[in-house]
Structures are given as structure tokens and as C-alpha cells.
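A single chain, nothing else alongside it, follows as C-alpha cells in the form predicted on its own.
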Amino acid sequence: MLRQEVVTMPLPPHLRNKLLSAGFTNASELERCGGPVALARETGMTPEEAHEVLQLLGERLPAGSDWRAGAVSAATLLEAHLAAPRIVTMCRDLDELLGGGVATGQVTEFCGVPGIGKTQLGMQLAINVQVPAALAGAQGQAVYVDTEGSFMVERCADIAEGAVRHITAMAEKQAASGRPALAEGFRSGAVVFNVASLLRGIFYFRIHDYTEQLALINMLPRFLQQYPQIRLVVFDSITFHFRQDFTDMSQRTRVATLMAQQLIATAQTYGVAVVLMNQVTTKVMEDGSSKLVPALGESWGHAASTRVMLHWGVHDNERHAALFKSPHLPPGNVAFTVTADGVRGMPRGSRGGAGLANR
């Protein structure tokens, strides 16, 4: 068994392909991989799939190598959670609503009507994920998946210009307070943060149907392995083709559920923030009234750990963000605006504190 070639093993084709793509050629290499958790990390499989592979091969797992043996303490999880960078939105109130910004290692969903600012927010995050670590930024890159054709590179360049001005000003403030390293890095060219570098830091994919979308999600783990500096993946929008291309609703639900599981696994395995822009639909209530709810129904509600509804304010006609699902944050509602420079907080009097958001 230990000399058996991977190509001859009785495995489902998609698992065999993952093994071959990761460089595994025979069973002896699988035995040395360190168990299901390590195999999942190497191949981009889920731990359950890796465990299934070893079970199908009839491997005798070493003591303690069962996939559940990869457990860590809650203290370790909390430490990792606190250490993980967050991606700011440039709106202080919205960042506070999200616990400091969009979390990496999780799936976050923003829902809203057309024109509310979903694409603007997606582009803003794709720029902000590149903020230097010296300003508590993720200093990473982004994948932007455009399913509707709404991504406009000219607008993205405008947002990048606004971010460069904002971050340069913050670096100068640091220098004035006795921390000149970042400002000097900008001036010397040792730290590059300009419009061209920000646009180069966004990997753009245009998706035309749900088949292309599923194919991209399947290849995403491999892409993240190839480009480990990526810390953000934006789908704008995640549900567009699922509302257009399906007539069998039960099939749509099954496919969407599998897609959600893959995105959750990708976020957790690679420590990236997966941000899903979602459309809304009208739900008629029992009393005859109606309200806007996220598209794809309640079954889709498990896809994201954090969900935010973007809407127009009833009394002020301003853009609002309402947090209505989070594993640890309280519900809340804040206003934000979209300016020539991108997403920002509402104009107000000066407030204390320091950070990346518009003050």
C-alpha cells in the first residue's frame, strides 16, 4: 500500500486531483504528511476530506493523528483572534461597529439595495487591506471577484488616491510625534504606497455565470497558496448569478450551501477576510407588511459569521450600516457616506483618538 501511486488509488477525482496538484505521488508520502490536519493544510482540502482520503486508503493513522487531534485551546484561539489584523473601512463608526474593522479569517457579508455603496465599500477594502503594518494595517493584497461588471478601475484609482493622501498624512503625524520611520520610508521609497502599487495589489476576476464562479472558488485555495500575501477576497456580488441562472430552487440551495462551506474553509485555512456583497429581495410578512431581506433566503444566512445590512436612513436619508448578525458583537446601526475619496464617516465635530478612519 505504501508504494501505491496516487493515480491508481480509489479516490473521488476531485480529491485525487488535489493530491496530485499538491505534489503527492504515492501512499508513502501521504503517511509522512503528519495526519489529516497537515494533509488538509498541504492540499487545500477540508480536514474532513483529508480524513476521508486516509480512511479510503486504509491507512493506519499514528496515535493522535485523528483529525480531531488538531484541537487547540480556547486561549490559543483568543490570542490568534486578537492578533489577526483587521481591515478598516475609513469610517470610524463602521469600524467600531465591526469590532475594529473587517475580520480576517472569517466571512463577512454586506447586503443592500443597488446604489447603497456595496461596490464602493468593496473597492475601499481592496485598497485598505494594503495599509502598512506600521499603521496597524494588514499590509496585504486583495482578490476582487466581479460578477456584475460593476467594478470601475477609474473609481478604484480615485479611492486609491484618497487613501494615499490619508495614509501619507497619518505618517507625517507619526513623524511629528517622534515616530518618523514610516514617513521616512515613504520619502526614501523603502515603503511603496502609491496609486500604481495599490492597483497592482488587486487581482481582478470577471465572472460571467455561476459555473465560472464555482470554478474560481475551487481554484481559490491554490491561488492563495501561490500568493500568500493576499489577505482579502471580495465577491461583488456573491448571489448575482444564483438569482439569474437557476430554475430549480432546491438545486440552487444545494450548490449555494456547498459554495458557502468552501468559502468558510478558505477564510479559516488561509487567514483571509472573505467579504461577500449580497443583493436584497422583498419578503412579505404575515401581517401583510413587507421588508427587505438578503437574497437567497434563510438557508444562505449561515454562510457569513458577520452580516451587515446597508440601507438608507428613514429620517435622515443617509447611508446606514446595520449589524444584525455577529458571533460576539452587539447589534448596531451607524451612518456613513461615500465621498470622492471613497467610504468615510459622516461629517462631525473633531473627536479624540487616532486611527485610520476619517475623523
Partner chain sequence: MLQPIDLTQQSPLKTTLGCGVLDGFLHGGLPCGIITELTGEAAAGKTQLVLQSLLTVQLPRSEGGLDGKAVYIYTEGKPPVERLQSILTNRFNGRPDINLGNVLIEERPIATPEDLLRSVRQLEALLEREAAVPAATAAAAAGAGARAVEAATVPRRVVRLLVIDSVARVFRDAGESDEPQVQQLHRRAAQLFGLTALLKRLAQEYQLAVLLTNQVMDDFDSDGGTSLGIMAGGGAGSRPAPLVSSGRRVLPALGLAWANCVNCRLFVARHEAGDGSVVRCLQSSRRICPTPTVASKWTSRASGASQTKPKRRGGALRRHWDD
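For clarity, a rigid core is taken as the largest C-alpha set superposing within 1.5 Å between two forms. Keep in mind it's a predicted model, so treat the numbers as computed, not measured. Numbering follows the first chain given and starts at 1.
Below, we turn to the form predicted together with the partner chain, even though it does not appear here.
A single residue from the set Q55, N317, S28, S299 has any heavy atom within 4.5 angstroms of the partner chain in the predicted bound form; that residue is N317. Shown alone here, G149 lies within 4.5 Å of the partner chain in the predicted bound form, counting heavy atoms only. Within this chain, I207 lines the site of the partner chain in the predicted bound form, having a heavy atom no more than 4.5 Å away. Although the partner is absent here, T339 is a contact residue: one of its heavy atoms lies within 4.5 angstroms of the partner chain in the predicted bound form. Among residues of the shown chain, H311 is one whose heavy atoms approach the partner chain to within 4.5 Å in the predicted bound form. For the three marked residues, M219, Q279 and S290, a heavy atom of each sits within 4.5 Å of the partner chain in the predicted bound form. With the partner chain omitted here, the record of contacts in the predicted bound form names 107 to 115 of 107 to 115, 86 to 94, 178 to 186, 258 to 266, defined by a heavy atom within 4.5 Å. For the stretch 143 to 168, the set of residues having any non-hydrogen atom within 4.5 angstroms of the partner chain in the predicted bound form comprises E148, G149, S150, F151, M152, V153, E154, R155, A157, D158, E161, in sequence order. In this overlay on the rigid core, S299 has a C-alpha that sits less than 2 Å away from its partner position between this form and the one not shown. D316 shows a C-alpha shift of 2 Å or greater between this form and the one not shown [criterion: core-superposed Cα displacement of 2 Å]. With a change of no less than 3 Å, the CA-CA distance between D316 and L329 is larger in the predicted bound form than in the form shown.
A decrease of at least 3 Å in the separation of the C-alpha atoms of H315 and T339 is found in the predicted bound form, compared with the displayed form.
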